[in-house]
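Just one chain is shown here, as structure tokens, and it is the form predicted on its own.
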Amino acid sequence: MKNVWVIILFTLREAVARKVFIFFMGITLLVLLIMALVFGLTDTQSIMALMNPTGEETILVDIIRNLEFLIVNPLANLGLLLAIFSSASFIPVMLEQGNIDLLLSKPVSRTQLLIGKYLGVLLFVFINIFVFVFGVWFIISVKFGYWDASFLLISVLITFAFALLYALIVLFNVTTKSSIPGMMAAYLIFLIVSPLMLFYKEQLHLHIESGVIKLLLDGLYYVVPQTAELMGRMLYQTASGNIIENFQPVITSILFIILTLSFSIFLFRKKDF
């Protein structure tokens, strides 16, 4: 465990040295600064009217939670796209001749090396996501005088969605020693395949008559990383303080991460450097 922790810290230092961490944190703080200025210059009643244009009686808590979600959701999705781009090269750089030779000469196993690298990238992404979510929560809480720290839990859910995609990226990194295939696969799933699978499950499932096609699509739905579900309904339920109705995407995602990382470790241990 000590070796894994050392690799995690080494990965964080690498992110800082490569300016990736600083770049992410700079964008996060800039967005929060703009948001603070906008909220500081806008009175509470105007914000309330914007969030409730019909004038219907609405609980203030619901307005605040919806406002938080409307701000975090699109920016969190954009943040994941940037996280995929910036993290896709960590493993390929590690596998370069010279770097990998030096690392393997240390008293650390290949399993510890890959797991430590994976967790180090997750920690780097989580820190940035948490700072952003905390900043949004703090600004809105100060503005409306309502403090509900349960909203901060969405930072864990967003990081989990990234962990799902990054497990796939690691597999491609180990297989190809290149950052591009894994990055493109993650973008394809996040932007196209997962949303299409969710649309099938919610809209088309009942209208398909062929049992074979339905069986194949159902299987594909459970195999493909369900990032659309995590960053959609589940993110909204968590942000709004509601009980998550269906944990199936979390369970299948955990299984996907375990199986994908296990296969990546198997391939990594078999490679000749």
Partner chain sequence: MSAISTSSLSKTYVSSFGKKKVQALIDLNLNIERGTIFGLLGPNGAGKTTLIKILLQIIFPTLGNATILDTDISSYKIKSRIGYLPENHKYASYLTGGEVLRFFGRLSSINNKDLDKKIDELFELVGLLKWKKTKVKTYSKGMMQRLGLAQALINDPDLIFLDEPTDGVDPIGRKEIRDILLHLKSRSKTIFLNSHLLSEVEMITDRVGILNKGKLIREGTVQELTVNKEEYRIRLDDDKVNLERYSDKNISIHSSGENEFNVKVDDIRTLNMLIDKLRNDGVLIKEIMVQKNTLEEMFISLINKEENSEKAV
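The model shown is predicted, which means the values in this text are computed figures rather than measured ones. Residue numbers count along the first chain shown, from 1.
Note that the form predicted together with the partner chain isn't included here; everything after this is about it.
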- Should A149 be classed as touching the partner chain in the predicted bound form when contacts are defined as heavy atoms within 4.5 Å? no
- Query: Is V108 close enough to touch the partner chain in the predicted bound form, meaning at least one heavy atom pair within 4.5 Å?
  - Reply: yes
- Query: Within a 4.5 Å heavy atom cut-off, is L103 in contact with the partner chain in the predicted bound form?
  - Reply: yes
- Message: Quick check on Q203: any heavy atom within 4.5 Å of the partner chain in the predicted bound form?
- Response: no
- Message: For the interface check, one of 90-98, 136-144, 184-192, 149-157 should have non-hydrogen atoms within 4.5 Å of the partner chain in the predicted bound form; which one?
- Response: 90-98
- Query: Using a 4.5 Å cut-off on heavy atoms, which residues of 7-32 contact the partner chain in the predicted bound form?
  - Reply: I7, L9, F10, R13, E14, A17
